[in-house]
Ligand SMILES: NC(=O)c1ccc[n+]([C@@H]2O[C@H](COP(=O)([O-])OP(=O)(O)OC[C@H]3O[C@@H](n4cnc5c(N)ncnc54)[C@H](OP(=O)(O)O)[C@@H]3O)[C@@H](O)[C@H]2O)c1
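Here's a solo chain for you in structure tokens, the form predicted alone.
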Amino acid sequence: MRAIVVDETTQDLRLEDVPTPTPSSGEVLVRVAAAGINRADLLQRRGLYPPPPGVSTVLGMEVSGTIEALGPAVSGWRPGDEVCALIAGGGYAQYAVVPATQLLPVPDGVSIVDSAALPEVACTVWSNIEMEARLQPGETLLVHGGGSGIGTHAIQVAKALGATVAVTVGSEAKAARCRKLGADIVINYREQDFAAQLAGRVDVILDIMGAKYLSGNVSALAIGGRLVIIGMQGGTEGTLNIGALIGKRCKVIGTNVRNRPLTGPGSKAQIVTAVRNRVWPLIAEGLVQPVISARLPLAEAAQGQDLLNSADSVGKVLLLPEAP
């Protein structure tokens, strides 16, 4: 099959012939219609975020497509089923192996290609704002990076849950898109201080920045607030005002999805099941939709990553193994 391979010396991305994977027990082989690009892919390309042991070194943490073959001990799925899936690696390719517990049906009203924009953001957002932070109707959610794939999805889900949504963005174009998706408060971090604007008003924060925003996040939190850190774009070490944290009775939670166990409490299987039961109905109702910046041929993976990393991208960038 054709897949994107990272040159370990130059970090260039090349389209090459590699062996087609074979599904093991509990896995299926998916013929990939589209693969989503995530920031974790950019880190892995630089050697900073290796896949878990035993997982393909091919980039790509979410795909959509058609089940080609079943491995042993798989039930409930058949060859020919149209699916999308959360994976730990191997998506930038014509075929990918997927644990059957991480498969999702293509949601009603979404094309098989566009459904590739959903698994990673849906699992990340739901596991963090609902399963970890327990966002409640009437509470306020702050999402940093409102124009990102995670941000655009989180806005829609939180509004469907009855929350007030605040976001930070870096441009007026992204601000306008976030407002259209339902954001109630939009803060341009290049011109405004989010901590001053939201001091003591935020119940849950979904943070991709880490150290750079740590102090401001604590300032923005309300009594009993929950700060969920899922990224480190702003660094790994920051200063935390313990007195403010204690005084507000707040929680700081650090999570990821990729390195969770496949099954059991807090596992990927548990998250995927929750997403299917709770988020997929919201998509079917039209309350949540995938937001896609571009759909590119697989051979243009490098350009896709550059676009995702630019100020121009809103939502997800997808790679299509077959020419569009």
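So that there is no doubt, residue numbering starts at 1 and follows the sequence shown. Note that this is a predicted model, so its numbers are computed, not measured.
There is another form of the same protein, the form predicted in complex with this ligand; it is not shown, and what comes next is about it.
Novice: Taking this ligand as it sits in the model of the complex, is residue 226 in contact with it (heavy atom to heavy atom, 4.5 Å or less)?
Specialist: The answer is no: residue 226 has no heavy atom within 4.5 Å of this ligand.
Novice: Does at least one non-hydrogen atom of residue 115 fall within 4.5 angstroms of this ligand in the model of the complex?
Specialist: Close contact is absent here: in the model of the complex, residue 115 is far from this ligand, nothing within 4.5 Å, heavy atoms only.
Novice: I'd like to know if residue 149 sits close to this ligand in the model of the complex, meaning any non-hydrogen atom pair within 4.5 angstroms.
Specialist: Yes, residue 149 lies within 4.5 Å of this ligand in the model of the complex.
Novice: Look up in the model of the complex whether residue 23 has a non-hydrogen atom within 4.5 angstroms of this ligand, and give yes or no.
Specialist: Close contact is absent here: in the model of the complex, residue 23 is far from this ligand, nothing within 4.5 Å, heavy atoms only.
Novice: On the criterion of a non-hydrogen atom at 4.5 angstroms or closer, are 209, 256 and 311 all touching this ligand in the model of the complex?
Specialist: Per the other structure, all of 209, 256 and 311 touch this ligand.
Novice: Heavy atom within 4.5 Å of this ligand in the model of the complex: which of 230, 214, 198, 103 fits that? Just give me the one.
Specialist: Result of the distance check: 230.
Novice: In the model of the complex, which of the listed residues (39, 276, 31, 295) lies with a heavy atom within 4.5 Å of this ligand?
Specialist: Contact with this ligand in the model of the complex is made by 39 alone.
Novice: Within 4.5 Å of this ligand in the model of the complex, counting heavy atoms only, one of 74-82, 248-256, 90-98, 134-142 shows up; tell me which.
Specialist: Result for this chain: 248-256.
Novice: Taking only heavy atoms into account, state which residues of 101-137 are within 4.5 Å of this ligand in the model of the complex, ordered by sequence.
Specialist: If the 4.5 Å heavy-atom criterion is applied to this ligand in the model of the complex, 101-137 yields 120, 124.
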